[in-house]
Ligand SMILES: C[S@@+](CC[C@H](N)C(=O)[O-])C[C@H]1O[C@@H](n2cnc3c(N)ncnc32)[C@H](O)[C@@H]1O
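Just the one chain here, the form predicted on its own, laid out as structure tokens.
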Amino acid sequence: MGNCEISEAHARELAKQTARKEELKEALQRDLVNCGHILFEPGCGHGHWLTDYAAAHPDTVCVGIDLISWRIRKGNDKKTKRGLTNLHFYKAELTEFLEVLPPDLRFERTVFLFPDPWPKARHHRRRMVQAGLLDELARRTNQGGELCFRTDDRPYFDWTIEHLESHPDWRIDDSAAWPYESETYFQGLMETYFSVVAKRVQGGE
């Protein structure tokens, strides 16, 4: 029989993960109480675009997450400076965020702005757009809700198109406009970029 005991280092990491998720869960329940729908930006960076969107759409609750603490601090500084009560930033990993998010909360729109393309083939599994994530987003998005994706990396754009076209719950809407144009610092550095908007449909529709 194999040894099922885990190392002390692994046990400490599991304890840290549990505490991190519990803290995030409490924050989400506190901040998003009685909130039925949100606009969600995973990988929000410094929060430039999301802050501008929240200011222009005061009736929409906007949530951004990022893994890097100082980016979240910058986002919260922008939020405070502009007095935006409909905007929330969290330091969180995407799968953990989705795991502890209140189950009845729905995404009216999910926005991916220039996510890391992970260009090497052996790293493609690290890309945010994956079949499993599209499944989870579809489960949390009502019919007619949107998934918006923008990148300057053409191979990642093609990858996303392929995944959306093969998914039964998402349909690319070529007539849909980008939800809000606000040029970020990084977008301003780019010569070109590619955008797609997909709608949540009934499975197999």
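Being a predicted model, the structure only gives us computed values, none of them experimental. Note that residue numbering begins at 1 and tracks the sequence as displayed.
Missing here is the form predicted together with the ligand; even so, the following discussion is about that form.
Q: Hey, in the model of the complex, is residue 78 touching the ligand, heavy atoms inside 4.5 Å?
A: No, residue 78 sits far enough from the ligand in the model of the complex that none of its heavy atoms falls within 4.5 Å.
Q: Answer for residue 113 alone: is it within 4.5 Å of the ligand in the model of the complex, judged on heavy atom distances?
A: Contact with the ligand, yes.
Q: Looking in the model of the complex, any heavy atom of residue 65 within 4.5 Å of the ligand?
A: Residue 65: yes, in contact with the ligand in the model of the complex.
Q: Even though the ligand is not shown here, does residue 45 get within 4.5 Å of it in the model of the complex, heavy atoms only?
A: Yes, residue 45 sits close enough to the ligand in the model of the complex that at least one of its heavy atoms falls within 4.5 Å.
Q: Please identify, from 66-74, 24-32, 158-166, 171-179, the stretch that has a heavy atom within 4.5 Å of the ligand in the model of the complex.
A: It is 66-74 that comes within 4.5 Å of the partner.
Q: From the list 99, 108, 93, 135, which entry has a heavy atom within 4.5 Å of the ligand in the model of the complex?
A: So the residue touching the ligand in the model of the complex, by this definition, is 93.
Q: The ligand in the model of the complex: within 4.5 Å of a heavy atom of each of 41, 128 and 184?
A: The answer is yes; 41, 128 and 184 each reach the ligand.
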